[in-house]
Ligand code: URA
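We begin with a single chain expressed as structure tokens, specifically the form predicted alone.
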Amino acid sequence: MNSNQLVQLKKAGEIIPKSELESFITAYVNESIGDDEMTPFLKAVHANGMTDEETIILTDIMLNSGDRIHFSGMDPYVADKHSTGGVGDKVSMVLGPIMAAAGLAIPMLTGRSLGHTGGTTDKFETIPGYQTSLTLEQFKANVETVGICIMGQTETICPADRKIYALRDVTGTIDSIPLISGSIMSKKIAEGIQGLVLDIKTGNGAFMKTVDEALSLGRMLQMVGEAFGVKTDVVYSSMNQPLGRTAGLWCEMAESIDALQGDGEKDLMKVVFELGSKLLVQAGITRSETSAISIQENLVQSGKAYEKFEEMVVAQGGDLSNASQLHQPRFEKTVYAESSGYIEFMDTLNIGWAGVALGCGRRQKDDRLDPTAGIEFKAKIGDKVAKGDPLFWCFNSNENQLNSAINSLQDSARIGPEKTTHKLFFNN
């Protein structure tokens, strides 16, 4: 069955046989067929969806297209976290070390920038020497000895997803629930985890724009996880404004370090602790999510969480000895409030694309990133501002890109007369 026939099946709402889907994806991974044949298929799935059974089959094909990790005989509970992507979403960089300091084993494979959202792998690569490409043996050894390893997706784990993921980014097929589910869950199951917590973002800056869309994705992901024997919890959080005080590359890493040292933004730490509580309860460390929050707060305040972060960085070749001088931007500009009042709305999607324009993300697969690039948010929803107050501080090392980003940010924060409350969680 050729790609045109598969596309026609999808358009007709028919179920694609497992053998045909497997042969098609294998041919793409082996380069027997190219992007020009895979793209119509991805667009057909994006437009017409997949059944639960097809999504499980897709996940299984991606999972078995490469290697899998096994942590047999380990005492610690093996778990991971995944976010569906957001602007300023640095939760993995804070949560992972906290969970490892709590005694969990955290094997975390992370992605690169996708659309308007940042990539955790890209952010870690701003640390001098930090290796995001380890062998599976090194990855497993670090998890077993340090308790945590965060790196990019390997060549050998889910190569089918690796190749399709990059194509989705440039073909307008990112926000497909079956494709998202297969991509996320194949990589996570391949890590050999027992448990998983998912942060499903919803709002104007998320791929899932509405709560109903987010709930549909959460249901699908949970269904796939349980089909493969992985305990899966879901948290639904808002992307109606950026998370934390920065969005970018090194600036987000620096903010994460601050958070691990006890100076985290309130909204960031609330999401971190909410997700961490699910994992601590899964692991049997506590039965109460309230006590789970206290456990995490103590690990941060005692310095143990940051010590674990440093241990992980050193184990992966990273050097933070000169952190305060790293990635100094050459250019900077500020967007100011044009009236007085309260921030009542933030166009998070537009802010994300402004970050891409600065050099924080890719429009093409081979675009180079600027580690100095980022945006600092001087005011967020509910904050009172006066005319002339700073709203966005932007910085990078390419002046033309900076000017482009500034222009697109001019109308990204709406100011009104009434104080508005930002709802951080939905249906939790």
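Don't overthink the numbering: it's just position in the shown sequence, from 1. As the structure is a computational prediction, the values presented were derived from the model and not from experiment. Here, rigid core means the biggest group of C-alpha atoms that superpose within 1.5 Å across both forms.
Below, we turn to the form predicted together with uracil (URA), even though it does not appear here.
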Residue-level contact is defined here as any heavy atom of the residue lying within 4.5 Å of uracil (URA) in the predicted bound form; does His116 satisfy this criterion?
no
Looking at the partner-bound form in the predicted bound form, is Tyr165 within 4.5 Å of uracil (URA) by any heavy atom?
yes
Evaluate Lys81 for contact with uracil (URA) in the predicted bound form, applying a 4.5 angstroms cut-off between non-hydrogen atoms, and reply yes or no.
no
Would Ser92 count as a contact of uracil (URA) in the predicted bound form, using a 4.5 angstroms cut-off between non-hydrogen atoms?
no
Only one of 251-259, 233-241, 165-173, 131-139 gets a heavy atom within 4.5 Å of uracil (URA) in the predicted bound form; which is it?
165-173
So which of Leu179, Ile189, Ala357, Leu109 reaches within 4.5 angstroms of uracil (URA) in the predicted bound form, heavy atom to heavy atom?
Leu179
Quick one: of Ser183, Thr348, Thr154, Thr202, which gets a non-hydrogen atom within 4.5 angstroms of uracil (URA) in the predicted bound form?
Ser183
Taking the rigid core as reference, does Thr173 move its C-alpha 2 Å or further between this form and the one not shown?
yes
